[in-house]
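As structure tokens, one chain now follows by itself in the form predicted on its own.
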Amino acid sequence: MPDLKQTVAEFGWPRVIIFLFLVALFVLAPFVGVRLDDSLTNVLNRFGQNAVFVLAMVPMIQSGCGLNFGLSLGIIAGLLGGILSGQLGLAGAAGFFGAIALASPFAVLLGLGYGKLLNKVKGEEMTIAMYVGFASVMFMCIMWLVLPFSNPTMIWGYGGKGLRTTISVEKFYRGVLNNFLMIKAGEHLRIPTGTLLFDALCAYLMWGFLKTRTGTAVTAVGSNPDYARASGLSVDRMRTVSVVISTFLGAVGILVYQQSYGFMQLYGAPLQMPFAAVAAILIGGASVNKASMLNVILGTFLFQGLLTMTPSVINAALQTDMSEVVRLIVSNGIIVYALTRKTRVAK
């Protein structure tokens, strides 16, 4: 029993409670008419869609820059890459990986500027990051209307100007990862193998990076900047490296999300995405200066599992559609818990 108590203590009671609640939802699902195979498919799809976003939190946490509330910059870079790919008529794997290639310069440039800004405001990174994220999304609301794109599947119809609020990627790269090596079991269970493998590859590359000399330097800067500086490391440079990587992963993350979800969502859509990623990484067990691949996997599964299962079970039990209300309560409640937990750790 002492070993069990120690394991629970290390895992954390909040995560134990959330995990048990999620298990209870899966157990209750068949009794209220919710198919388990459908539910598992939805959970795995949402996990695959969002895992790279949560992974993008790791480099900035490790470098001491805190939680990346400015992830919207990376998302904007990814959206630009996706739109340029569509404008050029790229499709399938060429469209998806072409979008990553086209998004990369934007991600690097935005990451460099973002990193230099955060180096000027040490100690207030998360506040400034939130402002930068919101301001960038609002700025792009204007740019989506004035940028000279002309692909008829993306601009407003009947001679309109500007990009649509929601753009289908059906003809571009929808399902390019989800459908790769997809496992089908029965009529409803679908495992998006390609997306999960891509997520695993990104996580492996991040894990490998943290083991390199530069990655070790990034972690050292986050753990003890004074010691790192005395050892000859450039604190500002390592912090900027971490911000650029995080911004790039944000760009990749939105493209992974799009190919699975089936649409590009512009204008105000990216506003809330950083909050969900922050909540997931903290619920997964990360602190404000330390995060691991296990935190990413666990946090993404718990967060997305609850967002998927809670509305389904409650809707079926009450015989009414409360999806949006329940989704808001669950997601915002988890985010409040996560941010509260972060504050306690920071004291």
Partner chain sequence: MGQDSPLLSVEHVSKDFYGNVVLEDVCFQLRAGEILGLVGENGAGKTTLMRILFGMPVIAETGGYKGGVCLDGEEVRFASPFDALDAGIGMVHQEFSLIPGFTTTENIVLNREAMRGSVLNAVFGERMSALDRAAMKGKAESAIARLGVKLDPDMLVSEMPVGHKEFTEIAREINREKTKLLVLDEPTAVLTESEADILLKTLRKLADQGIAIIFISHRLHEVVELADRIVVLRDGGVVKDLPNEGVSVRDIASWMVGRSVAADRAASADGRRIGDEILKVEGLWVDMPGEPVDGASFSVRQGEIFGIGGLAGQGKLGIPNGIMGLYPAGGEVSFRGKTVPLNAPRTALETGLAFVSEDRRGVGLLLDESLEWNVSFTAMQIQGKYLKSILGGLVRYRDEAAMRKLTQEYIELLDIKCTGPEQKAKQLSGGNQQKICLAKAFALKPDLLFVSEPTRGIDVGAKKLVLDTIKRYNRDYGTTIVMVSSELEELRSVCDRVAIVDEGGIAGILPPTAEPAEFGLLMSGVSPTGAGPAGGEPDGAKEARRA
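A quick note: this is a predicted structure, and the numbers were derived from the prediction, not measured. Positions refer to the first chain, counted from 1.
This protein has a second form, the form predicted in complex with the partner chain, left out of what is shown; the following refers to that one.
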Name the single residue among A91, L189, V108, A217 that comes within 4.5 Å of the partner chain in the predicted bound form, judging by heavy atoms.
-> A217
Does the partner chain come within 4.5 Å of any heavy atom of R46 in the predicted bound form?
-> no
4.5 Å heavy atom contact, P148 and the partner chain in the predicted bound form = no
Check whether G232 has any heavy atom within 4.5 Å of a heavy atom of the partner chain in the predicted bound form, and answer yes or no.
-> yes
Taking 4.5 angstroms as the cut-off for heavy atoms, does K184 touch the partner chain in the predicted bound form?
-> no
Counting only heavy atoms and a 4.5 Å cutoff, which of 203 to 211, 82 to 90, 242 to 250, 100 to 108 contacts the partner chain in the predicted bound form?
-> 203 to 211
In sequence order, the residues of 260 to 299 that place a heavy atom within 4.5 Å of the partner chain in the predicted bound form are K290
